[in-house]
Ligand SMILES: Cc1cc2nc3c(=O)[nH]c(=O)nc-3n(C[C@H](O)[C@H](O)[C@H](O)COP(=O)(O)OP(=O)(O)OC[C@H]3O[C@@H](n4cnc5c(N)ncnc54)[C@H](O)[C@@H]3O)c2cc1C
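So this first bit is one chain, no partners, the form predicted on its own, shown in structure tokens.
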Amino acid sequence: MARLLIFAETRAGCITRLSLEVLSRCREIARERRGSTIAAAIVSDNPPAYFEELARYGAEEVFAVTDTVFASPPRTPQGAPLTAALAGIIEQAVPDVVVLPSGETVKEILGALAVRISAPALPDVSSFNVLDGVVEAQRPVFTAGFIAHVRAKGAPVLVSLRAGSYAASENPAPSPLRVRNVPFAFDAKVSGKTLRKVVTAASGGIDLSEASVVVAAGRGVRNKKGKRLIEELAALLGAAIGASRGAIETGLFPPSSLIGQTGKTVSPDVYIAIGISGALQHVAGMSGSRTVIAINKDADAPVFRHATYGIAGDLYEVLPAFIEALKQKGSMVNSV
């Protein structure tokens, strides 16, 4: 029996997909260990907007913090107020385990939150379970080349979960959602920091972390013609555009599109790697992808070891044919 609290991160008016993956996994654990309860922490300028979705995915109770400091887009740095808000929620909820989505925001605050509430933390795990008050988890290390088996006990234990580790699935709780409002006050002037500009990834308006399809460019995309092919393919598929470090170093793609150990971690349904060799640093950021399609003229490129489907060929020959086939398929569907 355990009391599980998940942090439901929101972005652009939606609960992130990774947060729903976290909630779905906690629902599985609660079902396996009867008597366990599931609560969600929501921090927003309008928490009620998210209650229905949280209930659909299995939350039994919501601890809500309401403040304009958490408006979207943010007007002030979010690290300090979010840490304070979650600490207040944890104090009221008294959970055994707190599970957070391992995105950029959580990576920023997890250490500070653990220190603030004097709790052990297991960051960036790929799987976890709760057994007799002990959290056992697997954590990729050394650019996902090895898996570390880790465990922690305490009240609570903080766990952050990598994207794509579990599927998000609706599973409503049997009883109506209970809502508890948590008092919160934060003076932005105290932090001494000012948010001047929010920079978003140039990925066709689609958030890389949330995208169900990602088209990723590597160093093999060596000129503006290649970039245009990437953009056209992404537009046809409704995909976000990512890049390896090699592609970014060419200047064709912005640093905000970096996927890999030092960039974003993605877990789309379909990941199309174009002109990417498959270095471990890049694979660490896309290993959670469900289907990987690799296009590379080097038939021995390491990326093919991670691919569901592979095409050994020059992208400047393969992509035009691929794009034309997609256009023809679209025309056939529209004519029916």
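Residue indices: 1-based, along the sequence shown. Rigid core: the largest C-alpha set superposing within 1.5 Å between the two forms. Predicted model only: the values in this text are computed from it and were never measured.
Omitted from view is the form predicted in complex with the ligand, to which the following refers.
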Residue among T262, N181, S169, Q92 with a heavy atom within 4.5 Å of the ligand in the model of the complex: T262
Any chance K297 has a heavy atom within 4.5 Å of the ligand in the model of the complex? yes
Does A301 reach the ligand in the model of the complex, with heavy atoms at most 4.5 Å apart? yes
Do P320 and the ligand share at least one heavy atom pair within 4.5 Å in the model of the complex? no
Examine G278 and determine whether its closest non-hydrogen atom to the ligand in the model of the complex is within 4.5 angstroms. yes
Segment assignment from 145-153, 79-87, 239-247, 160-168: heavy atom within 4.5 Å of the ligand in the model of the complex: 239-247
Which residues within 307-323 place at least one heavy atom within 4.5 Å of the ligand in the model of the complex? G313, D314, L315, Y316
Using a rigid core superposition, assess whether S169 undergoes a CA shift of 2 Å or more between this form and the one not shown. no
Answer yes if the CA of P255 moves 2 Å or more between this form and the one not shown after aligning the rigid core, and no otherwise. yes
Using the core for the fit, does the CA position of L229 change by 2 Å or more between this form and the one not shown? yes
